[in-house]
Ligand code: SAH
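What follows is one chain in structure tokens, specifically the form predicted on its own.
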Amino acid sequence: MKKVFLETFGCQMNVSDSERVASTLVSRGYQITDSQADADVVLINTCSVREKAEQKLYSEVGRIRHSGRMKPVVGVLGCVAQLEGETLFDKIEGVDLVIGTRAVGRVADALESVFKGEQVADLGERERDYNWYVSEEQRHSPYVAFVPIIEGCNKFCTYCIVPFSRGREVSLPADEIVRQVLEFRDQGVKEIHLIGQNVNSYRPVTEVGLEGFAGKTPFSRLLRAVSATGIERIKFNTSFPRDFHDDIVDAIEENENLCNWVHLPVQSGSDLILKAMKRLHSIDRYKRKVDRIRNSKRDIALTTDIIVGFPGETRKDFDQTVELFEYCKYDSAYIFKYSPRFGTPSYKMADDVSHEEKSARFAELEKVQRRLQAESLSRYNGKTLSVLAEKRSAKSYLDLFGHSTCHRVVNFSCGTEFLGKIVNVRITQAKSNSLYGEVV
């Protein structure tokens, strides 16, 4: 029985793909190991969104090659594999296998060819009967499961490599999604995440599985269909502002198991920069969507992504981003400094904001967000939140760790007998990035 070490970089879609790869390999007689040193096969599932993530691949393969032991079979999966293809064999010494984003279902077959002495590159399309099954042993959590509903992206934002690495949007059949959710529910999963590069763009070929569910968009109908399965908690990520419909908020208000959290990446507070990014929404329209979320009868947490220092971003443009943060009062935000990615339209733009200025703007916006986040977290003091006990806290052996329905990280003093259960936690302390409380 050959041992496989599988390392994953990047987004939830990559984690989901890795879970399915591991499940398939186990069904074909391989053993998944946590020890790279003992592995006969090392598979690296890669991210290409940022150059730094891509560099991890090069350093990791180099480290394996110079480890001093007999070299294992080394395979590159994911977005870098899809973009670079067979050129990786020349760029990185020691790579035996290259599997693109839509060919992960054929990893086991490709490994058989590698063990016969071949180099294999498979960048083909996902097979029609691709098995989306994930075994309980290979999930990243016994209590939380990812359910892909759409792959790829059609938006072509000028800075983004995803449409080239993941391809065009393909929506999974609604009845298959519902079947997966029911299966996870029966396995004891408490929370599922409906994932995709842009879940709001969900457009299945047929309405099978959505019949009888109200909604102004296929995605809002899918939310109601999944809610009807009775699974305890449902989250979704990521939303694209232009496609975010008020009916999504309506669905959250109507169904308690649709969690009160929305991730709505704006990327910039300047209309001029949004146009250069080809984001296809204006700040005024974005604010109206935020108003609907903030005015909901449920307390919906709002998070976002921001890029500072995009080509052409002036001080005025950046100030407008700061103003947007003050308006939206994000519960948390992922802030990135712009870095050009080869193959994207913005790569050809003049990267005219200096590294020093990008760093200064990053620090300034981060300071604003830390204040807003502290205000947001403090409002939970004395309140009781519903929290899924997921694992032991990394900081205290006596505490457990989990997420609330509003996707807040909560640590609380509790015995391990509560692992996998949803408990009510009264918040006693708001820390810089998380909450602390006691079970009630």
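Everything numeric in this text was worked out from a predicted model, so none of it was measured. When you see a residue number, it is the position in the sequence shown, counting from 1.
Not on display, but discussed next: the form predicted together with this ligand.
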Task: Heavy atom contact within 4.5 Å of this ligand in the predicted bound form, the stretch among 115-123, 175-183, 337-345, 249-257 - done: 337-345
- [ ] Would you check whether this ligand, in the predicted bound form, lies within 4.5 angstroms of a non-hydrogen atom from each of P265, R279 and I307?
- [x] yes
Task: Among the candidates V49, L385, V409, V61, the residue which, in the predicted bound form, approaches this ligand to within 4.5 Å (heavy atoms) - done: V49
- [ ] Scan L223, V147, A103, C160 and let me know which has any heavy atom within 4.5 Å of this ligand in the predicted bound form.
- [x] C160
TODO: Look up in the predicted bound form whether Q369 has a non-hydrogen atom within 4.5 angstroms of this ligand, and give yes or no.
DONE: no
Task: Proximity of T238 to this ligand in the predicted bound form, heavy atoms at 4.5 Å - done: yes
Open item on the list: When the contact criterion is heavy atoms within 4.5 Å, does N198 count as touching this ligand in the predicted bound form?
Closed with: yes
